[in-house]
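One chain comes next, on its own, written out as structure tokens in the form predicted on its own.
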Amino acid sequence: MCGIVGIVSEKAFSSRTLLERLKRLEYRGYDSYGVFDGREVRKRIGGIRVEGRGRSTAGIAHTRWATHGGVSERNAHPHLSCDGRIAIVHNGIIENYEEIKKDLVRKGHSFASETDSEVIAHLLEDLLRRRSIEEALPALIRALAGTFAVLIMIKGRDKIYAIKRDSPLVLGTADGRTILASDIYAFSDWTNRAAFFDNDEIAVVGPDGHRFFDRNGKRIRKPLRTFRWEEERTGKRRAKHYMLKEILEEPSVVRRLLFSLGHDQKPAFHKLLRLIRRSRKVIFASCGTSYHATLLGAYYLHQVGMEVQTLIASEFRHFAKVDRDTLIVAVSQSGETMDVIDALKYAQANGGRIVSIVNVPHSTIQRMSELSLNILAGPEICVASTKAFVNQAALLLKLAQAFGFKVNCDNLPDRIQTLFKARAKIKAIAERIARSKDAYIIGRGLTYPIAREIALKIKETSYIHAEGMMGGELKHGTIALIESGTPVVSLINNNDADIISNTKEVEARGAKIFILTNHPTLGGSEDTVHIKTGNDGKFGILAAVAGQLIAYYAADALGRPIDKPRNLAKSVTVK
């Protein structure tokens, strides 16, 4: 959450350049934004407006997702020290900020915001009264508890100072410029060379280059790495929103993933198979959409007799028993999800082995893993994940296939493309669902994880209260909420008698039924989407794609800000 960018250049650049870089990270937070160009701070509420004003050789910028303090101009970053000489931008949470703030207030500091972040600027000002900047930065790291990626500028100096702990931070170089950012997407169109910060590291960046130091101020060598980042360059030209654009990219990104698993990622894929075979226990750790993908993956693997477990990462330590024979498979789109990182730290402390499935190369979760596979979905701008979910599920289906699950993965891209021919019907269904305040999505077995994923997408984008659940659980409370006209989306895999029975139960109580099925004769023509696939696991993924389109068109009918839903951010880097 929150996006930070800093640029130091041999040649002066416009603040427009800084804002263009920041705009690429706006999915990390869009409550407010601000820039500091070495002379003045400028802040605004709302989405980023890319505009040029002034030129400088160094500048920092921030786009905010509020944690401490409401959405206001005074809480927007950058924050200044009491004397106005120091400007900082911060991603993360300072857990001991109240203690630090009380001490600084006693020393005469006055604060302009309600944020935890502002204490960083004031504390550094206090440290610089007795120390040089080279001494103050290690002391600052030692004084701060919590998570942080911080960029610092001091008026009159064309340098950026950076510190990092448990919040993502990366440095890239391109054409006489050094860029610091929350993730590589800020500069991936400029360069594919970057250095990735480890915890409690310090960087000093000037026009003549950069230097890295450890938490004690000792110089360390930090080589630049070449990263691979698949990036679709079409913008929104053919789609009204990024969400629709990214859904329509799914056939191509699935095809790219499947090719990679048979070629450049083939050795890593086969090593993962060996690790799973040798492990007594396999546990997936993930959150949100990625959790639903792993729930689907667990279903696939159970079908071939494998005992696997999937846990929501924020509850991992409460429900997972980990030892040296446990393999933890972390699944995360960003590779920076803080709850997953905490789960992995717990697993490491108990001797577990860690592998990961991520979308962002060299992310924290990837670097914590002894083995990592990339889903190659490319960047997602819309906060609601679509193509990343599909590629996560496709990789897990391919994994199950390697253990004996009967499926033809190769035609999955074509089946998704065929499904798009039903967009008009899906849109009509979505517009009818959009008239209601509540919606229920029911499934069983293969389709239970998809019911939950579709409900999540509807909630995220349209703000309709949607509940995804096991069809068998309807009678245990939820059926009391069914009224005349309540929309229920039923996911029927082939001729599944149990879910058909559940569907009839809610229909008898007045529910308006919509059906997603791969059975050619089920349902009526108006309210049913027939999905072409057999009983081979692909129906789950294809039904999820149909659900993504339902969520998109329902949100569009309601005029929602689809790509930037309220209160949400793309990369959840705080607990």
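In case it trips you up, residue 1 is the first one in the sequence shown, and so on. It should be emphasised that the depicted structure is a prediction, and the values quoted were computed from it without experimental measurement.
Quick note: we don't show the form predicted together with 2-deoxy-2-amino glucitol-6-phosphate, though the next part is all about it.
Enquirer: Heavy atoms within 4.5 Å of 2-deoxy-2-amino glucitol-6-phosphate in the model of the complex: which stretch in 99 to 107, 285 to 293, 143 to 151, 436 to 444 meets that?
Expert: Stretch with heavy atoms near the partner: 285 to 293.
Enquirer: Could you work out which of 385, 490, 182, 364 is the residue within 4.5 angstroms of 2-deoxy-2-amino glucitol-6-phosphate in the model of the complex, going by heavy atoms?
Expert: When 2-deoxy-2-amino glucitol-6-phosphate is considered in the model of the complex, the option within 4.5 Å is 385.
Enquirer: Looking at 117, 81, 391, 334, which is the one with a non-hydrogen atom within 4.5 Å of 2-deoxy-2-amino glucitol-6-phosphate in the model of the complex?
Expert: Filtering the options by heavy-atom distance leaves 334.
Enquirer: Just to confirm, residue 457 within 4.5 Å of 2-deoxy-2-amino glucitol-6-phosphate in the model of the complex by heavy atoms?
Expert: Contact with 2-deoxy-2-amino glucitol-6-phosphate, yes.
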